[in-house]
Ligand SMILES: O=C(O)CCC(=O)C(=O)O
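Here's a solo chain for you in structure tokens, the form predicted alone.
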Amino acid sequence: MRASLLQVAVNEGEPVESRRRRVAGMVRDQAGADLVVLPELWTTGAFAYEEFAGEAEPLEGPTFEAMAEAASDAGVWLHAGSIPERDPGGPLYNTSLVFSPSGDLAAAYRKIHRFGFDKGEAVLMGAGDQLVTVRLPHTVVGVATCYDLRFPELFRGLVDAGAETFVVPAGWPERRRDHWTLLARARAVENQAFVLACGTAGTHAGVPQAGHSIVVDPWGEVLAEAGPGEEALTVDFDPAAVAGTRERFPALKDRVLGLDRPRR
């Protein structure tokens, strides 16, 4: 498979609609890829908390429409990052959208772990409660978002649901970039899965972003890593390596805790 991770920079002063058009063009430029991934909350910026309510949109709003069309035009599977979703009659959610090459919505995932402790996303948005996987032609994708990366039990749940490749859009700050790389590799090693982690570039509400999107194989080796200012990271990987790794080093078969079965 060929995957392209697009490190969208959220530039101050750029209108959201202008950014949608720019990002749609970036997606169309990836025609020929199998999977394209965008970062978390690229319409507003992950740290622009004061913009969430004003820029929130229904699930099938303008970003949905623009990304569905771009996926169809490029003929790619598109993980369109996440948007601030306004649920009619409910709270806001940090919601990821995944589109098929025909532009149909394949999955939506409301972020389970909200960042901010007692401020920001943690108090402004509701929490999702459903694990989400998407079956692509050559792999099963498990969907997670940014802060989720710190919670290994979520990824174990995705493995139990059949995931072989994790796609993680994020708005990860530069000051914790070492954690970003470490956790991406840890989730790959412990679950013997590919990790495609796509971060934003630029600065969100005064918070410098890490960039450094990264692709990690099931053995924990970094296949590719973007620089902080690179716009696109494209990498070829073989999804069959997951089954091969799990067969040669069957650590997942020795799991004990969290399983409804006796120890062998």
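Model, not experiment: these values are computed from the prediction. Position 1 is the first residue in the sequence shown; the rest follow in order.
What comes next is about the form predicted in complex with the named molecule, which does not appear here.
Chemist: Run the clash test for me: the named molecule superposed onto this form using the site C-alphas, pose taken in the model of the complex, blocked if at least 3 ligand atoms lie within 2.4 angstroms of backbone or C-beta, else open.
Modeler: Answer open: no ligand atom comes within 2.4 Å of backbone or C-beta.
Chemist: At 4.5 Å between heavy atoms, only one of the stretches 102-110, 188-196, 124-132, 146-154 reaches the named molecule in the model of the complex; which one is it?
Modeler: Only one stretch qualifies here: 146-154.
Chemist: Heavy atoms within 4.5 Å of the named molecule in the model of the complex: does His138 have any?
Modeler: Looking in the model of the complex, residue contacts with the named molecule do not include His138, since no heavy atom lies within 4.5 Å.
Chemist: Flag Gly120 as yes or no: does it have a non-hydrogen atom within 4.5 angstroms of any non-hydrogen atom of the named molecule in the model of the complex?
Modeler: Contact check for Gly120: no, nothing within 4.5 Å of the named molecule in the model of the complex.
Chemist: In the model of the complex, does Trp42 have a heavy atom within 4.5 Å of the named molecule?
Modeler: No.
Chemist: Phe237: heavy atom within 4.5 Å of the named molecule in the model of the complex?
Modeler: Heavy-atom contact with the named molecule at 4.5 Å: absent for Phe237.
Chemist: Between the named molecule and Phe115, Pro173 and Arg176, in the model of the complex, does every residue show a non-hydrogen atom at 4.5 Å or closer?
Modeler: Yes, each of Phe115, Pro173 and Arg176 comes within 4.5 Å of the named molecule in the model of the complex.
Chemist: Taking heavy atoms and a 4.5 Å limit, what residues of 45-70 are near the named molecule in the model of the complex?
Modeler: Sequence-ordered list: Ala46, Phe47.
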